[in-house]
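First structure 1, then structure 2: two forms of the same chain, each alone, as structure tokens.
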Structure 1
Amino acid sequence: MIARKKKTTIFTAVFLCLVLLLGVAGCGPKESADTEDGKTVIKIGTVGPLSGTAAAYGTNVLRGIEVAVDEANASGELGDYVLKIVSEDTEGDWSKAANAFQKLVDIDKVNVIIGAVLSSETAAGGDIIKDAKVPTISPSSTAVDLTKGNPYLFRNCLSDEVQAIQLAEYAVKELGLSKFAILYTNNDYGKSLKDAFEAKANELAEVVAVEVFMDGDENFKSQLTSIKEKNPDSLYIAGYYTEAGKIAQQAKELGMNVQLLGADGLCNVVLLQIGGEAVEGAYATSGFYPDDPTPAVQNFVNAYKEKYNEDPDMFAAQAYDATRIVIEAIKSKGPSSEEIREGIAATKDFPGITGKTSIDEEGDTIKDVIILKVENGKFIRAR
């Protein structure tokens, strides 16, 4: 009996030690210790809509990330580390985005997240990544003050405020417009653009009408009829390409003679496909111009076209740059989440394909605005 009791005691002690060791391991760093082909895996999580009405944005963001990851892994520039993408589809829903962020940090144990795509999605994940201390950089979430107060959240796209202010100035000073109407989508993105554009346009000229619509709406003739009565010379659409293309068509059907203006939500080939001739001559702010002749831009464009058989848009390009910023952070600081955060925060004059990029003390980006124009069924650079 004494020998059996002693043996049981020893077994229990060993078992408790194993439990304690597992507990310590579970409380350790989030960074993955997975290996692949003898290299340590660094997990990059992505969050964005891969289905639903905003799928073109999320798909192109993911593709831009994939091009950068493929290049880095093929070049061996990270030495003993290899990058692996863990992708989550939000369907454009902020609540599903929150779940996606939670899964990436709790289950997948990613080192860093590139995303989300829509501002509402990124806002939904803000507290989650802050509590988990997982650095996150969005290539396309533009809501004003989105990164403020969160040392783990960054972006490499221009805020709605910057885009709207610069387009309003361009519209008045360069295009000679003076009577503006605004039609905006009732979400964070649309409201943010509307507020900034309305304030600046009223400062420089006059806003004569403001109307609202919902994401997914098909018929805008009621709002457009009301706008037409105010006789504006331009219409600023604060929304996304699907609705913008339909708005342009319906405005044309109503005989409205207005200059169409918009932000980066319009900069997708789907706008041209839906809007057709109705979007000819439209201007929109953007972060990328694919016909820029510089070697870095053309190398990316060619790699993207070879992989996906289509031209990259601004969302793909900004996602590529966001990934390259992460890669440079790993190279300069290290692969842990905290080291990546430090590297992203220290970004200064990064020579991206979307322009020279710096990250300020609030995690926001500093770069120039590009203005594109639809001409002969294609986006060209106006400024």
Structure 2
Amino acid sequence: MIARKKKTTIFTAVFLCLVLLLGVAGCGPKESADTEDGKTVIKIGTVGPLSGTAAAYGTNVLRGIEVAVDEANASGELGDYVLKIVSEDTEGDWSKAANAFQKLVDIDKVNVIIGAVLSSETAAGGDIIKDAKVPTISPSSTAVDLTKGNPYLFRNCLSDEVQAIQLAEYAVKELGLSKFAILYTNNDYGKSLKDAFEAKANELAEVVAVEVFMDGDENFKSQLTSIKEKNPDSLYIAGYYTEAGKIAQQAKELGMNVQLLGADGLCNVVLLQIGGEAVEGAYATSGFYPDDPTPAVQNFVNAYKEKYNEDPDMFAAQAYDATRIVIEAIKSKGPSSEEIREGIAATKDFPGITGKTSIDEEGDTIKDVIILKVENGKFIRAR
């Protein structure tokens, strides 16, 4: 037993030496001043799950980054610089994510990192990129306080709470609503939307009724009858499109006259099919809406479809925006890690395809969430 342990220790020591040697060797001749076709290469590292159960998120994030990088390289907007992606797979495992971050900063010597995808992965890389002074922007990690106290860590994403809060503000200030009812689905998504919306709406106006339903329910008449009793002027549906369509129908059948409100769970054409007339005029927040007719969104959607033959999702769109923020930073400040960091930190009112975005002093996102409205049986952009 003891002999074996010793063997393992020796092996580990030798292995570590080798790794160190490799690391040093990698440092020597390979300065960051790579060139390609006479242009100086700016390396963008990416970290995320490209295999394993969370692979769909990581893959879509990488694709969003690739679309933005291809576009920037093709347009020549960076002048003498060319962007190059170095991507690392985490398999959705935070310890592999830490290794990936380490490799990107030590061996590949990237200028900037876009990632990681899962909150646990980004948290694992936080100290590594802080020590190495490599700016990093996550396109999707929503964990609370993730970027706090780390001047090199940023993010560009949208939490459920922010959607609910901004819709409550919009409903009171822009739509003039004052008596809210909430109907939420009994899962994490519905509950966090409901909690945030209820708190904000109660602060600005009044919530008169809160009712709950289960995923897959079909009959909402008893909840709606209870809600109707309280005479609200609007109904916030914290749930998904299938149930929301039925809720809208049944509310109409009960003769309720309420302004329908919702979150990104409603933004699907199925809502329009099931809801029909009853969802006309409804407002919903959206992280990203691929049918948004805005030219910037359509350019992205078309480029993405052409390359990957499928519709981009919110992850791809946020990754695209994160990459655009990095590109803008390079254009305004310069290509070194420190210059990119300054540029990202100074981001203000960036017109992203996922909404107008600023970065606050903690490195967190301030986003004007996109608000869609149903008009003539179609989603249109209301904000």
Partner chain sequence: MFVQQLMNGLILGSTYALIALGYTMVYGIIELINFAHGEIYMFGAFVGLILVTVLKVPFFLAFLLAMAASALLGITIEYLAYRPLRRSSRLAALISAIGASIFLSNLALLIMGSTPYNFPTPFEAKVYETPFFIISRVEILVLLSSLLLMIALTLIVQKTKIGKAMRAVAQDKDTASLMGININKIVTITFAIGSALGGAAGVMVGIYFRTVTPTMGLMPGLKGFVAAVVGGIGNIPGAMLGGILLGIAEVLGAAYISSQYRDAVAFALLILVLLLKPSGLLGKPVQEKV
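What you see is a predicted model; the values in this text were computed from it and never measured. Rigid core (definition): largest C-alpha set, two forms, superposition within 1.5 Å. Please note that residue numbering is based on structure 1, beginning with 1 at the start of its sequence.
Of the two forms shown, the form predicted together with its partner chain is structure 2. When the structures are compared between structure 1 and structure 2, the hinge, where C-alphas stop matching one rigid part best and start matching the other, is found at Ser286 among Ser119, Thr90, Ser286, Ala248. Treated as two rigid bodies, the chain shows a rotation of the smaller part against the larger of 48° between structure 1 and structure 2, based on C-alpha superposition.
The Cα position of Val258 changes by 20.9 Å between structure 1 and structure 2 once both are aligned on the rigid core.
Here Val162 exhibits a Cα shift of 3.1 Å between structure 1 and structure 2, evaluated on the superposed rigid core.
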